[in-house]
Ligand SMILES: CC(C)(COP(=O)(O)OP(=O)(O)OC[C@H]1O[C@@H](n2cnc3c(N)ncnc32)[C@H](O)[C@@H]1OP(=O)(O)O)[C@@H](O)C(=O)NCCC(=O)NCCS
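Below you will find one chain, with nothing else, as structure tokens; this is the form predicted on its own, and questions on how it binds or moves follow later.
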């Protein structure tokens, strides 16, 4: 049985629960946070609840501040057959940007996947205009692989993107 609880210097990462819906809506309903995300902008807390219900046993974690318990973001490690690797994704409440949390959780998620599910190959992507995400990936040891594109789930917008890979022995 895998352990879905991760502790970092400043955070606790754990599975999302319905009680987290209000916090999720703080970032999932923020158009600035949603700018480069593939999912649609959440219009209500109910939409956040539906998303949490849909997760099932996916490797999706929420990020909680150790000192207060406040949920400030979420992220996942998901196997992608097309790439033959685990995709790293994360999302943070805008109030917590530029504080090193994205790098902290990304490193923790990669280590968790390595130790708990045997992940050795990872990939991630970011919109080219979202340089901050590219910096996070580089700090985690990812190497640029190629340029490409990704789109919103509803295809309402297409992003020119940079793709990165990471291999751990």
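These numbers come from a predicted model, not from an experiment. Residue numbers count along the first chain shown, from 1.
Note that the form predicted together with this ligand isn't included here; everything after this is about it.
Asks: Does any part of residue 131 reach within 4.5 Å of this ligand in the predicted complex? Heavy atoms only, please.
Replies: Yes, residue 131 sits close enough to this ligand in the predicted complex that at least one of its heavy atoms falls within 4.5 Å.
Asks: So in the predicted complex, does residue 139 come within 4.5 Å of this ligand, heavy atom to heavy atom?
Replies: Heavy-atom contact with this ligand at 4.5 Å: present for residue 139.
Asks: Taking this ligand as it sits in the predicted complex, is residue 110 in contact with it (heavy atom to heavy atom, 4.5 Å or less)?
Replies: Result no; residue 110 lies far from this ligand in the predicted complex.
Asks: So in the predicted complex, does residue 82 come within 4.5 Å of this ligand, heavy atom to heavy atom?
Replies: No - in the predicted complex, heavy atoms of residue 82 and this ligand never come within 4.5 Å of each other.
Asks: Which listed residue (37, 62, 52, 119) meets the criterion of a heavy atom within 4.5 Å of this ligand in the predicted complex?
Replies: Answer to the contact question: 37.
Asks: Which among 40 to 48, 96 to 104, 110 to 118, 53 to 61 is in contact with this ligand in the predicted complex, heavy atoms within 4.5 angstroms?
Replies: It is 96 to 104 that comes within 4.5 Å of the partner.
Asks: May I ask you to list the residues of 72 to 91 that have any heavy atom within 4.5 angstroms of this ligand in the predicted complex, in sequence order?
Replies: Those in contact are 90, 91.
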